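Next up: a single chain in structure tokens, the form predicted on its own.
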Amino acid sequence: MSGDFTAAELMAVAIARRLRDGETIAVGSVSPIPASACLLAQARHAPSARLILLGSPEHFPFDGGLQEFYNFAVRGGLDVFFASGAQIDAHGNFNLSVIGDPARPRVRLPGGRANGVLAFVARRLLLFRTEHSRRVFVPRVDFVTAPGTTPPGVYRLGGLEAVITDLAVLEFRREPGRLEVGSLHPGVTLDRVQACTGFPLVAPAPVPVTPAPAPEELALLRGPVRERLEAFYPEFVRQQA
């Protein structure tokens, strides 16, 4: 990664630029980079965005806890939801449930049930991964927690929009229903991303470069965003300082 910024900062900026003013945006637990992106977007260009950040008392407006949040989500209240994926395949399917044979899994993963529902009721789903590797980007997921595409007649408000990683942005194209390279991060080559991906990549020629963070964006991330994030992600903030 080139430039005077970290991979986490570049990911946060790339995500923040996709968020829009007035949207209701939810971020799950153990997600400091999307949380940073939400706070950055609100500080810079989306002051009316409604943020729901699990773990943050300031940004969790549900007295009834998680159940009230889920009820709000399934009623169509979410414009954007963030999820990660232990495995992601070329067709935008992601796995947060089990690794290995589902009948005899090697590993059981947290978050599968909630993400399987929230992926269907948010108008836009954004996946993120800080590790772009063949372990994550696999030819076929072991279990489909949520699919990239949905059969006709199945209720789904929106769907997958993109996957943001430490190497690139992969855009999900509804037609033909697969991930394609949207941009490469500064200093990253297409050959490197392909070597770290377990399925053949489709990419435009030439491949766009992810715009680097602007000085104003870095100043906000390292100043007021970091100060607010420290209340619920102190270890992440210490690592970034």
Partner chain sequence: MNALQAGVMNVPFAPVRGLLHTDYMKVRPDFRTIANPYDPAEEIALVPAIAPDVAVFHGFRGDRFGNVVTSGTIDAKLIAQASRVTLASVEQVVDGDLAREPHTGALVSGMHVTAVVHAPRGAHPTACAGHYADDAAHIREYVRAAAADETFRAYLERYVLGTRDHRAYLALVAEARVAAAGRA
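Just so we're clear, the structure is a prediction, and the values are computed from it rather than from any experiment. Positions refer to the first chain, counted from 1.
Absent from the display: the form predicted in complex with its partner chain. The rest refers to it.
Asker: So which of 81-89, 166-174, 130-138, 117-125 is the stretch with heavy atoms within 4.5 Å of its partner chain in the predicted bound form?
Answerer: Contact criterion met by 117-125 only.
Asker: Name the residue from 64, 200, 215, 208 that puts a heavy atom within 4.5 Å of its partner chain in the predicted bound form.
Answerer: Selected option: 64.
Asker: Does residue 142 make contact with its partner chain in the predicted bound form, using a 4.5 Å heavy atom cut-off?
Answerer: Answer yes; at least one heavy atom of residue 142 falls within 4.5 Å of its partner chain in the predicted bound form.
Asker: Could you tell me if residue 162 has a non-hydrogen atom within 4.5 Å of its partner chain in the predicted bound form?
Answerer: Residue 162 lies outside the contact set for its partner chain.
Asker: Any of the heavy atoms of residue 112 lying within 4.5 Å of its partner chain in the predicted bound form?
Answerer: Yes.
Asker: Wondering, does residue 99 line up within 4.5 Å of its partner chain in the predicted bound form on heavy atoms?
Answerer: Residue 99: no, not in contact with its partner chain in the predicted bound form.
Asker: Using a 4.5 Å cut-off on heavy atoms, what residues in 157-185 are near its partner chain in the predicted bound form?
Answerer: Going through 157-185 in order - heavy atoms within 4.5 Å of its partner chain in the predicted bound form - there are no hits.
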